[in-house]
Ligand code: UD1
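The chain below stands alone, shown as structure tokens; this is the form predicted on its own.
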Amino acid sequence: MEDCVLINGGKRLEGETTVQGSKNAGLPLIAAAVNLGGVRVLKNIPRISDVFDFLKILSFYNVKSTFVDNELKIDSTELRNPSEADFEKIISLSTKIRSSTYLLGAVLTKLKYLRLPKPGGCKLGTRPIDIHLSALVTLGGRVKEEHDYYIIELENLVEKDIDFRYPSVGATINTLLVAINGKKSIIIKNTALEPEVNAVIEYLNKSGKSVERIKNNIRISPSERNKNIDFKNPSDRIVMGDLLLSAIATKGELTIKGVNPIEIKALIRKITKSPCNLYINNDKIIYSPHCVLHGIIKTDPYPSFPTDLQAQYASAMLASGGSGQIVERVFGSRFEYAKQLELFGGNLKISNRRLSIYKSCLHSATVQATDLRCGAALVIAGLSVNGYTRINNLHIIDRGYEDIVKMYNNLGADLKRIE
């Protein structure tokens, strides 16, 4: 069966658009809703395969979910551990997504015992979860590693402060979701600053918990309150960046509405180093042609340039006729997409964690999405060149993009899904 998107490229993106709900906030918000218990409603949750796979995993823990458009109702009133047969299915599903690690924050404090499958997701180099597990041990947990899962027990929560050796988003959220069940204050130091973490903090506080961010530390104070509120998932800042970079690649004119531009401040700062027309008006980004991307970017945790946008930036740099370098300082293996951009005629060179990009003349190609953000980068390249581009492995793009074909076609592009 074919699994690809066909792009008839060379068309300028034009118009106004909004941005889907955040993938990287939506998944931990689901975990938080399960942790809080009862029947909860989350709004603006993207209908993407990572969300559906995580909900399927949770269903084996007897968590019921109902989607109506982008409103998700989650019922965890009868939470329980899965059967042996169901756990085998959980392991299979967990090889597909990284977010299976949020099982820890979602169910551990209620069930006291969890077999946590080793996570899958995009192959971006070594991505251990030792920071998650080390924090859990500090909080009184016991961890035993098996071949393809961990056995985790937490009979009694121990209220101790934690100092992360690296500001991991997933570890910050999982530790936070465990710690809110304590009876004494806990401080988590050197936490991730990403907006997705702050979305979870906002949800917990509006639900009656007491979580305070103090620069890169988080203080959790005990609270018995647990209000049932509807909560809106914020817009996806990576998709926001994709749209802006797509406009640059196609020499288009675009207004992106209902967003928080501060969340992609590092990207905007790089773009505006080149002469261009980019305006920010409250929750709008207005861009008009045209910009040639040059220079060096270095990825790092937020608020630095996001690793999840560097592939798309490389693609837009090539399409705009620019040149420069990308230094990857988050993941050890994130330049697989460069081999695919070379099929478009891109002139690139990889040296360890540095990608050099030289001025190139791009053309249409048949390419493979090797990971989620690679897929987004290839779409940007395909939009920018004349002729038909075929991108295989569309299901990888579907992991994080609600309907990438519709998103771009609404702006004047010509994409067709082939399944």
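When you see a residue number, it is the position in the sequence shown, counting from 1. The shown structure was predicted, so the numbers you read here are calculated from the model rather than taken from an experiment.
Omitted from view is the form predicted together with this ligand, to which the following refers.
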(Q) At 4.5 Å between heavy atoms, is Tyr102 in contact with this ligand in the predicted bound form? (A) yes
Q.
Quick check on Pro128: any heavy atom within 4.5 Å of this ligand in the predicted bound form?
A. yes
Q. Is there any non-hydrogen atom of Tyr279 lying within 4.5 Å of this ligand in the predicted bound form?
A. no
Q | Touches this ligand in the predicted bound form: Arg334 (any heavy atom, 4.5 Å) | A | yes
Q) Residues in which of 168-176, 68-76, 291-299, 218-226 have heavy atoms within 4.5 Å of this ligand in the predicted bound form? A) 168-176
Q. Does each of Lys23, His132 and Thr307 have at least one heavy atom within 4.5 Å of this ligand in the predicted bound form?
A. yes
Q: Taking 4.5 Å between heavy atoms as the contact cutoff, choose which of Val327, Val330, Ala266, Val211 touches this ligand in the predicted bound form.
A: Val330
**Q.** Listed residue (Glu194, Glu159, Glu342, Glu253) with a non-hydrogen atom within 4.5 angstroms of this ligand in the predicted bound form
**A.** Glu194
